[in-house]
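What follows is a single chain, given as structure tokens, in the form predicted on its own.
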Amino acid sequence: MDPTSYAASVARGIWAAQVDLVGYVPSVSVAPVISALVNTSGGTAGRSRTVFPLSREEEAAGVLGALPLAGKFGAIVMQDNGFGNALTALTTFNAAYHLPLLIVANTRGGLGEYNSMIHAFSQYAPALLRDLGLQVFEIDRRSGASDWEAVVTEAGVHARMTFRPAVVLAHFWNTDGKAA
């Protein structure tokens, strides 16, 4: 088993994608990724000069998604059920205006999910995102943490190359010995 933390690998992948700013929607599920991002960017208490919280997913799509207009590149860390809030912004702003954006979303509703109501949205999220023309990459415990880093980095490169949002759905269940 890969001894590297999956959450730390996701953070390294985001930075390796040459992201300038990272916004996140606070959640205990993505907290290990946020901590790794904040720690590696010199911050404390959930924020740094380059990593900061936002209140909603569509806000994140607008704030981070507008960075290419200033020659910068952004990433969002969120949960997949947040796509319910962000789809209009992602499709009518980011995708429509060819604004690259890296999104890493923790999946909910799969194996190990304790919240019975989250399945109603999250099980359809991958197909829904693809149907809307967003590029989706999925990673899970069958790949080692180093593979996760590579996929996140490559998704960021893909977003820049295609001038579109690229989504990495990370199935954290049973990685690092627990759900993220």
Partner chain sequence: MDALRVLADHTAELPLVVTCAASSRELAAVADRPNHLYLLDAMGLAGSVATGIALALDDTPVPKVIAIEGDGSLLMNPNVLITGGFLRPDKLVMVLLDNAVYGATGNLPTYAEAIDLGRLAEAGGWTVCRADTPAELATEFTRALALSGPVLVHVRLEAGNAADIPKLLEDPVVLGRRFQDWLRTRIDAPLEVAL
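Fair warning: this is a prediction, and the values are worked out from it, not measured in the lab. Numbering follows the first chain given and starts at 1.
FYI, the form predicted in complex with the partner chain isn't displayed, but the following is about it.
- Exactly one listed residue, out of 128, 118, 63, 150, brings a non-hydrogen atom to within 4.5 Å of the partner chain in the predicted bound form: 63.
- The shortest heavy atom separation between residue 53 and the partner chain in the predicted bound form is within 4.5 Å.
- With a 4.5 Å cutoff on heavy atoms, residue 141 does not count as touching the partner chain in the predicted bound form; it lies far away.
- Taking the partner from the other structure, the partner chain in the predicted bound form has no heavy atom within 4.5 Å of any heavy atom of residue 32.
- A residue is said to contact a partner when one of its heavy atoms sits within 4.5 Å of a partner heavy atom; residue 111 fails this definition for the partner chain in the predicted bound form, lying far away.
- Using a 4.5 Å cut-off to the partner chain in the predicted bound form, not one of 105, 160 and 173 places a heavy atom inside that distance.
- With the partner left out here, the partner chain still marks one of 36-44, 55-63, 133-141, 120-128 in the predicted bound form; by a 4.5 Å heavy atom cut-off that stretch is 55-63.
- Contacts of stretch 75-107 with the partner chain in the predicted bound form, defined by any heavy atom lying within 4.5 Å, are made by 88, 89, 92, 93, 96, 97, 98, listed in sequence order.
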